[in-house]
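To begin, one chain is listed below as structure tokens, in the form predicted alone.
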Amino acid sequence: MFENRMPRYEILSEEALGVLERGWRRIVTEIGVQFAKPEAVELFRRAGQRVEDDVVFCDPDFVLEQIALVPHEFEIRARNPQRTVHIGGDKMVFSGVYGPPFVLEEGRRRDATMSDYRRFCMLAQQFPELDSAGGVICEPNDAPLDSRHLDMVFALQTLTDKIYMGNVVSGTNARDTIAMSEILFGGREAIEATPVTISLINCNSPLRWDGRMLDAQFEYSAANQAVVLTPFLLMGAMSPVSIPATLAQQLAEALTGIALSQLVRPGSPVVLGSFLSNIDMQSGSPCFGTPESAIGLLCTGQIARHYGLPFRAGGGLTSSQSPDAQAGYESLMTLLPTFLAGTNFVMHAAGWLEGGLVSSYEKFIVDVELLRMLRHEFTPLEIDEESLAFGAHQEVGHGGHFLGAAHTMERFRTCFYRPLLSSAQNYERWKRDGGQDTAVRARAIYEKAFEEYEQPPLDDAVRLELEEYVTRRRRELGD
């Protein structure tokens, strides 16, 4: 977990914030938001909001009253107490890629498997830059659809000792995640006292909360588990082509979803989510790492602080089909504003490729390198008399060099960032060593990580109870 103590990069004036405020207020009062779950609509009705079929028209002041119930900061407990994270404030929590059905390894694109899923869990455990392996790190297509979530949660709980994300495909899957979390952490009372999961609830933009997602949201919020309520906004498809219009829509969707969580359980932990980019207006394909997405991210951070909410945005996003230069510069185009905005929870921080269709082992290592570099860059510079190294100037004098100076010799091992992946060899030595490009070097790093991986210890009785639960539930689900 990284503490970002650098100043935030805020680009919205007070006047601009006021325009956006009026924008979302008008959407929720005049257009309304659809909630495709009768219980959700009924909660709003009982709270005095106007309802037409499954469309809810909210009083903006009522929405803000619900938002005020959300904790500004909270913890998510990991089974290893040293891995427990803090969401909000200056803290940044990084999680792996989420959702791809395919995997890219050694240049070959294929269906993701449960073996891939477990291997990505192991990689996340090995690199301290990641606070969580994630949730649906990849979609294991070789496992039965109705029960694969059980094996995925079990892998997150046993192959890592970091925090993990809950499954949100259905209310059933959410209940299984909660039940397994109760086993791992010692009961319902324990997980309600301090959340142990954080789960992604996506809005089916524009202005529709899907029934299956709402089923999961109800389960997690009722159990006091954290939810990330995220509008899915690709400008030109799910929102207008204007950034301000998209920001207003994002607020209308996110704030009404957050209000619902507070109606389910007042004070339950919530993160304002943002997944904002654009489509290519020639092909209609999603684009990532764009200037528009960076601007939207910076605005979202400022807006979240305005409402006193922790927020999720950013990550190592790219449209590239391979871990090439495009993947690197597009990911930096998103990761840099992620840090500048002080994002609290960062999904897709490692491994995302091809617009989120692919989890890539090589790209995972590229992103870890980016995270390492940005953490170094965003650590405040300490300036004192010792750092001015006046004695080194006295020793070297005019026209000399500092390579052998005492100040250099005392500090040369730690004075500069040492890369994990990058090469600074001269051309001749690089050729002698095989002329390896970034992807080949990344492959060597993750293969070494697998060799050195040690499964974190877990009480045998707890492991057995988890295994028995998975076996029983798989049988009950017909797999």
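Not measured: the values here are computed from a predicted model. All residue numbers are counted from 1 along the displayed sequence.
Just so it is clear, the following notes concern the form predicted in complex with another copy of the chain, a form of the same protein that is not shown.
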| property | result |
| --- | --- |
| Which of 184-192, 267-275, 291-299, 148-156 sits within 4.5 Å of another copy of the chain in the predicted complex, heavy atom basis | 291-299 |
| Heavy atom of residue 163 within 4.5 Å of another copy of the chain in the predicted complex | no |
| 4.5 Å heavy atom contact, residue 19 and another copy of the chain in the predicted complex | yes |
| Exercise: residue 53 in contact with another copy of the chain in the predicted complex, heavy atom 4.5 Å | no |
| Contact label in the predicted complex: residue 33 to another copy of the chain, heavy atom within 4.5 Å | yes |
| Contact residue in the predicted complex, chosen from 88, 286, 211, 101 - any heavy atom within 4.5 Å of another copy of the chain | 286 |
| Answer option from 229, 133, 260, 366, heavy atom within 4.5 Å of another copy of the chain in the predicted complex | 366 |
| Heavy atom contacts to another copy of the chain in the predicted complex at 4.5 Å, residues of 390-407 in sequence order | 390, 392, 393, 394, 396, 397, 398, 399, 400, 401, 402, 403, 407 |
